[in-house]
Structure formats: structure tokens, C-alpha cells
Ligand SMILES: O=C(O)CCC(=O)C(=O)O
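Given as C-alpha cells, the chain that follows is alone and in the form predicted on its own.
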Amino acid sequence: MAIDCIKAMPSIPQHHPKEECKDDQKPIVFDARVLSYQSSIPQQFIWPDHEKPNVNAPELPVPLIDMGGFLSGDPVAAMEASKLVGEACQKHGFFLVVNHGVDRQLIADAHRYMDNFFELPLSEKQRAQRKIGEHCGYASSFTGRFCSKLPWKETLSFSYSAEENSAKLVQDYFHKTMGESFAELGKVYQDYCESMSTLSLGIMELLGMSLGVSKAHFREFFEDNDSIMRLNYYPPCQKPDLTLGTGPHCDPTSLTILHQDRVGGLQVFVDNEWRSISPNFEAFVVNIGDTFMALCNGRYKSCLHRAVVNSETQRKSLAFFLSPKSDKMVTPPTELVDSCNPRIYPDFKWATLLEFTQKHYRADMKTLEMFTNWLQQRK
């Protein structure tokens, strides 16, 4: 179980105020065009010895969930898929989905436009610069917020809403932030987010079935979701044994749907060791996050994972983070609460947890626990 791996990791320190940049500290500039070719890397990107990566981590066999039968309405196929999903979530919370119904050309376009964005000069990308305390925008590492254990990556994050009155939220973001020349890019990511939202609602049906809750319960809960889309770009690093593309953490969101390119780098902590999840361009990698862990009253656990980099080539991934509507209360269904399974986490709104991770705490494997303590202290 993922919770066991979390308890067994005393060597990974919790977020500490020393990691935060002070107001008088000038943040380092992460320019991939320069740093990718340097034989030495800045100290801020060097991780402590006990957290340095194992680039040759053994592969983790994760179940391949065939969504074809479920999407066609076959009840037997749906039951089998939900069984496999439940088993995966009890072990480590990760699984792959194939025959998912997402257009291949759309996926290819989403990767192609990611290249177009991240290959821009730094000054152009900074037109979408993320502001401190916000979760949307361009971030070259987290140089503006943190001054140590910096990840070797660039990201572009933007919001998506499934509500009808926000039908072009992604397109509008790119038009407003980057200009008219990015209209086609905005359209591609609008379409991609809509496909991810649809796929995630189907996966929520399977999760509901696997937990013994009506298959409509979680689907309806997330139908008006306020989610986050993130483009991840991991440049080559000449010292990949010293740094991490993404540090060890559990996703604070509800469900992550990740599409990797053909370059490996995703690792999961299972049974007291780091294991790799090999890329499969035909599949999406799915994992549950802290919000769903609270929503199912701890029956399924979000699992620790990270990303490593290499010295040979860049790595890219598309991450859709499903989250409930911001003002919706996260509370488990009554079927998952009884005398043997009392409430573990207090009710909260997703917007509050998001604020906590952006302004008060650097997401890691203890985020939900620390958030719970923070909520109780505020009462």
C-alpha cells in the first residue's frame, strides 16, 4: 500500500522555510538553452545525497486498463476494468489506460505545440510568467519561490473549466497572454483539456464502481470540474545524477492523467524503492492524488513519485490534473464512512488546498497531513 511507503521514508525531509527565497535574494535564472550544455550545474539544483536519483530504477509493472469495452457500454468489461483499477489503487495508485478514445492526432499536436512553446527564447516564454502565489503561467524551475532543491524543468500551467460559460477558457488564456499568433496553439490545448475532462469522468465511474459507490457519484461530483493543465519540459542535464526533474511528491489534486513522450523519467516509490514507469505513447498514465484520497476517506492512497532527467535528450509530458469545482466541498460519500472506517480528513474546498500548496507548503508526500493540521490550527 502506498501509505506504507510514505511511513517508511523518514530520510526525505519535509518542506522547510530555508527552501523559500528571501525577499532580498536574487533568484537564479533557469535558461535551458544555456544550462543544458554546462558541465557543472548551479548549487541550487543539486539535491541532498539521500534524495539524489537512481537513474537505473527497476521497472514497475502497472496494469493496462482497456477502456474500449467500458466506453462501448459493455457491463462485463466495465466490471473487469473497475476491478483492475481498484487493485492498482490499493497497491500504489498508478495504472495505464489504452483504447481511451482520445484522438491520436490531437495527442501528437499537443506534443508538437509544446515544442513550439518551449523552444521560444526565454524572454518570449516569460510573457506568460507565473506570479508568486499563483498556479498558472510559465515557470522556469521554481526559481522565484525556492532557492534550494530546484527541479530541472520548465512548465507552463493553465486553468480549464468544464462549465458551459467557460467553454473557451484555455483559448482565451493563450490569446490574452501570448497574443493572436498563439490562437491555434490555444485551440489545440482547449480541445485536449476537453478530451482529458471526458476521459477523467469515465475513470471516475470506474473508481466509484471499485469502491462500491454508485458509478455516477464521483462522475457527477467532477462534471463541473475546475482543473489544471500543465506542460512539462525537462531539458538535458550534464549532471543528471545530481538533480531531479521533479522532486518526490504526491499530487495534491484528485486525478492525474499523464501522457509521456518516448523518453523515460517517471519514477514511483513502491515497496521501499524507486521504480520506473516506462513510456507508452499509446497509453495514458493515471494516478490518484491527495484530494481523491480525502474524497474516498483514505481507502485509496496517493503515492510518492518523481521525475529524473538525462544528459542525452529532452523529455516532455502533458499532465491534466482533475480537480473539483473550486467552491465544492470535498467530503466522502456515506458508503465509505462507518464505525470501522471513521472520517480521517476534515471537509475542505479544493481552492483552500490549492492556496495551501501555492503559498504555504511545498507539495511532498505529507501535503494532505500537513494541510489537515493547518486547517485545524485555523479553527
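Residue positions are given as counts along the sequence shown, with the first one as 1. On a predicted model such as this, the values are computed, not experimentally measured, just so you know.
Here the subject shifts to the form predicted in complex with the named molecule, a form of this protein not shown in this document.
> Consider the chain as shown here, without its partner, and state which of 197, 82, 246, 141 has a heavy atom within 4.5 Å of the named molecule in the predicted complex.
Contact with the named molecule in the predicted complex is made by 246 alone.
> Using heavy atoms only and a 4.5 Å cut-off, determine which of 297, 210, 232, 227 is in contact with the named molecule in the predicted complex.
By the 4.5 Å heavy-atom cutoff, the listed residue in contact is 232.
> If the criterion is a non-hydrogen atom within 4.5 angstroms, does every one of 251, 258 and 307 touch the named molecule in the predicted complex?
Yes, all three are in contact.
> Does any part of residue 270 reach within 4.5 Å of the named molecule in the predicted complex? Heavy atoms only, please.
Close contact is absent here: in the predicted complex, residue 270 is far from the named molecule, nothing within 4.5 Å, heavy atoms only.
> Though only this chain appears here, would residue 266 touch the named molecule in the predicted complex if you measure heavy atom gaps against 4.5 Å?
Yes, residue 266 sits close enough to the named molecule in the predicted complex that at least one of its heavy atoms falls within 4.5 Å.
> In the predicted complex, does residue 45 have a heavy atom within 4.5 Å of the named molecule?
Taking the distances in the predicted complex, the answer for residue 45 is no, it never comes within 4.5 Å of the named molecule.
> Wondering, does residue 321 line up within 4.5 Å of the named molecule in the predicted complex on heavy atoms?
Residue 321 belongs to the contact set for the named molecule.
> Taking the partner as it appears in the predicted complex, which of 173 to 181, 232 to 240, 119 to 127, 104 to 112 has residues with heavy atoms within 4.5 Å of the named molecule?
Selected range: 232 to 240.
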